[in-house]
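One chain comes next, on its own, written as structure tokens: the form predicted on its own.
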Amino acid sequence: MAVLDVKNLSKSFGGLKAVSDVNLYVKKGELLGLIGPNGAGKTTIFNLLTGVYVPTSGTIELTGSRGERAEIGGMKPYLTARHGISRTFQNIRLFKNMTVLDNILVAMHQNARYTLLEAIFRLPRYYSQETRFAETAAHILALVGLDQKAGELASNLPYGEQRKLEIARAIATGANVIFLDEPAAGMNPSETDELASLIVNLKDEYDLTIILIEHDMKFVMGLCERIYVLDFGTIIAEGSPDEIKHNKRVIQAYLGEEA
């Protein structure tokens, strides 16, 4: 079943067509890669799928966990989050002056079901939900190996741990579709291997569908089940890692016509 079904998606900025008639689908539980040379339009597509940009044309249909369908093209980011979509960014965007734990708890509060008055007067429903949030946050931090740093400021974490915290925060929203924008950027090989294992473990733990952009081809080929290749705003190939590796059009896009 396609969780995400994208048809004829285009985005223009003035006279520049950054994305042109893109068609793609993402299956439930899939770990999908989106690759392409610099400037191919990968992050623009992520921004369209997560509500940061409004499409110029085309449709983005999301199928929810109970089979309900919603057209999310042009929907505000906070509304796409309520529909079960979350993301990380190419440039880390943590709440750096908040603790590691509070970064997780902030993400969870879109799912709070107590009223303002219940929060002000600390009524039972407030306490029960806050207790559940704290327990869930602690579990997520343990999974990403940050449980011992829950009280530290996010800004004090090493770079690789900030990446992990951003992924943990995306999961804490309760999303079932997660977009990871260059999660391995700036990491050394051992950190990259550790991240790949972490992503697989989180996917299995929370039954996630994951779409990622990445320039590290070893990382992508070893992790993703299926890959789309983008060049100049259009999809030029789709298939398994082995098929993509040997696709002449993909090789030309990365290495040039003569190669």
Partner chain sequence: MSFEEFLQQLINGVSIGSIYALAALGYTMVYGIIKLINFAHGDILMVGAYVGYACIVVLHMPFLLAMVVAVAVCGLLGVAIEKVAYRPLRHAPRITVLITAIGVSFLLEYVMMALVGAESKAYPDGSFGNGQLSVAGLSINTQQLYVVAVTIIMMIALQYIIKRTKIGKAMRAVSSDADAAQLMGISVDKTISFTFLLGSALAAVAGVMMGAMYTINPLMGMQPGLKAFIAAVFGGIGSIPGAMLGGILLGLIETLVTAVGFSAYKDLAAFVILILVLLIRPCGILGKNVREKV
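Residue numbers count along the first chain shown, from 1. As the structure is a computational prediction, the values presented were derived from the model and not from experiment.
Another form, the form predicted together with its partner chain, is not on view; read the next lines as being about it.
This chain is displayed alone, yet in the predicted complex one of 32, 208, 52, 217 has a heavy atom within 4.5 Å of its partner chain; that residue is 52. Screening 43, 234, 56, 63 for any heavy atom within 4.5 Å of its partner chain in the predicted complex leaves a single hit, 43. Taken together, 7, 10 and 25 are entirely out of contact with its partner chain in the predicted complex: none brings a heavy atom within 4.5 Å. For its partner chain in the predicted complex, the listed stretch (44-52, 63-71, 226-234, 208-216) containing residues with heavy atoms inside 4.5 Å is 44-52.
Heavy atoms of residue 163 never reach within 4.5 Å of its partner chain in the predicted complex, leaving it off the interface.
Looking at residue 125, you'd find every heavy atom of it more than 4.5 angstroms from its partner chain in the predicted complex.
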